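In the block that follows, a single chain appears as structure tokens, in the form predicted alone.
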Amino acid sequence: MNGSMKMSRREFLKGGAIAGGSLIIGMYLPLSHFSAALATPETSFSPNAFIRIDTDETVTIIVTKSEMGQGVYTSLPMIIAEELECDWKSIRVESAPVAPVFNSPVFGAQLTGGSTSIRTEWERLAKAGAIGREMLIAAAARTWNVVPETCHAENGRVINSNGKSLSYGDLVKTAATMTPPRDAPVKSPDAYKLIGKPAHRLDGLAKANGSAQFGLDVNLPGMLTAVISRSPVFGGKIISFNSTKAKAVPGVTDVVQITSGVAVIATGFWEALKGREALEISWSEGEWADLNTPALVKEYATLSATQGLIARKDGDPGKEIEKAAKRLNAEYQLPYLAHATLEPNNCVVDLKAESCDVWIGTQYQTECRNTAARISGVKPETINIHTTFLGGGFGRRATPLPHLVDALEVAKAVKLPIKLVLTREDDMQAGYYRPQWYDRLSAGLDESGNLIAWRHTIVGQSIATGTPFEAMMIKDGVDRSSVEGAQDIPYSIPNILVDLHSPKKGVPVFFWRSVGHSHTAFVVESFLDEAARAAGKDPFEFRRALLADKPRHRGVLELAAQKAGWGTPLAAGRGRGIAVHESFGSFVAQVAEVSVASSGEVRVHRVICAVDCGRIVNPDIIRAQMESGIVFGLSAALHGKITLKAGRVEQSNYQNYPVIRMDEMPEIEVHIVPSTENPGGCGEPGVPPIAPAVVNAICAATGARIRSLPIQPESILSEIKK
């Protein structure tokens, strides 16, 4: 190919740019002096840390949350824009720098996670917008020498009772001289013009035309690229290495040992990768070299037969199960899961004698700066964390941050800007995982088929132990993220026991989209389906009766069933399954329509989703997040598993850790329940119900009960033959 024709996809897109387009926080919102892009008072007005208005009418919203596809660069600005009464077309977004004013009210740090963005930011962002609006009105009133009560703001202008108007840009200089009020009235929901309605995504055009900057896009003058050779077994240590052949690879500039392994540094990624392939290294594999999945499953199964730490106990479930008219027992198994983000972890570090700049797609800016200060030795206030777009997060980019530590150590060694890249193989084989789980359940039904007792023992690693979240998440030895969705089971059952074992293993585990709910919803909703069938009752009606005092659960359950045509005839060979689950303040029910081929292959044809997430900001983003959660959960249900052999992760990339493809996609319908309740989360609640809805549908279609994920054709065929 002619050299002039060599162009990346991103460069091509740039060249042909596409046109077009709750907590109540009582706090003072200080003037923003944190944004590096702030202009002078002569050209801009910043009523608080979240807003900057320029004389050219541009309104810049400083967003504290990381944009990883979930839409916070649109939904959070909508809250401010509603109260500010600005023109939506004038909005621009900047990622917030690290500063206490941008900390999450829940986490006390700058962190995106737990589906908390709307829930924790709504009140203070609405207040920020209202303060800005009132200051602009006051500035216009001063200009006209009238009282502010005779003026109102609308679509980026202040208008007085005589019909005169001034644009926000006209008012910047005057407003910049005024003192912000400590409070300002916010709108009642019936006055909303923007909130609750679809609005185009503010990050959409940049992602379409290639101008959006992800971590892998960052390039600095003189920058080198590093990749790390790590132990193939978790916790392994270096015995020795020989860098001669690696240094002989063209483009390789250095090879250095760091805490996590050996770094190969080169003028580009490909050169660094080839250098790593040539590196000769010997490892001491350590205590976890014998880890293998079958042995872990057997160990967990044995442990599940004993009582763990009690998370919840109502009544005497053991006694009631023993004397029940009908008893049920089941064991469920779920594997380790990888995050498998499309963009593997990476970061760029420019470390100087007295300052440090870091470009990183992160969910946890505060910890990034703390880590950079600890490793580099420079003062925290001289460290700038530049948050790029994230090519998928799912909890993987929250914390820990070993790739940032690696980059900082390499930068200290070579004294040049460094881009540290994990390949997807690196990330999948030496990353962090959703824990493996083993659950043992039993239940008792009375003569009328009523569920009278429930026992649930959970076995799996704690994701909180040894992390900054340990004190918050673990109480009396019980990691609440391990039992969420099980401990707070919503069904009206008089006798309940939920207990937990948290074995310590060398496999690093951490947050995975929907966290503990990703496993407990599958187990609880599948076993409840078993109970319904044992009672001879319709699974929808069985749930409905047990949710008599849970109106929001019941509301989404009924809506999903109604929209799916529950009880109406289906095509031959198809079955419907239903599941309902609450997580992160939102309530979601899903109905899956499924068929099973003679080979045992599963086809999910249709998914109906009903969601009650409280007050709505942007319904399009809610629908997108429900669809995204269904796809993510369905990938795990049909394909996802991380297995271990001789201490090594057997999967490496999408070829053996597949995600669902376009030809596997079901038709998805999302129905949103109108609500005036406090907002719930939307990034994660779509994930938990899909796996149980699918396995319940398989059972309806074939009679096969699947208790292990991912769903295997041979398991279905085996169950059918029983």
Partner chain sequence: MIDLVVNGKKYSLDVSPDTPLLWVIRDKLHLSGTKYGCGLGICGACTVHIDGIAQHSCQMQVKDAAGKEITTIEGIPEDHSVKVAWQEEDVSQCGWCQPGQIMAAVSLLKTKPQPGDSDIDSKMTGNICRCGTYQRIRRAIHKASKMTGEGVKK
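Numbering follows the first chain given and starts at 1. Computed from a predicted model, the values in this text were never measured in an experiment.
The same protein also exists as the form predicted together with the partner chain; that form is not shown, yet it is the one meant from here on.
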Point to revise | the partner chain in the predicted bound form: contacting segment from 421-429, 405-413, 573-581, 255-263, heavy atom within 4.5 Å | key: 421-429
Practice item. Answer yes if any heavy atom of Arg552 is within 4.5 Å of a heavy atom of the partner chain in the predicted bound form; otherwise answer no. Key: no
Practice item. Using the partner position in the predicted bound form, report whether Thr371 sits within 4.5 Å of the partner chain, counting heavy atoms only. Key: no
**Study point:** Touches the partner chain in the predicted bound form: Glu667 (any heavy atom, 4.5 Å)
**Key:** yes
Review point. In the predicted bound form, does Ala545 have a heavy atom within 4.5 Å of the partner chain?
Key: no
Practice item. Kindly indicate whether Glu343, Gly392 and Tyr654 are, all three, within 4.5 angstroms of the partner chain in the predicted bound form, using heavy atoms. Key: yes
Check your understanding: Among Asn329, Asn155, Thr267, Thr643, which has at least one heavy atom within 4.5 Å of the partner chain in the predicted bound form?
Key -> Thr267
Review point. Though the partner chain is not shown, can you say which of Lys505, His517, His501, Arg623 has a heavy atom within 4.5 Å of it in the predicted bound form?
Key: Arg623
Practice item. Let me know which residues along 217-237 have a heavy atom within 4.5 Å of the partner chain in the predicted bound form, or say none if there are none. Key: Asp217, Asn219
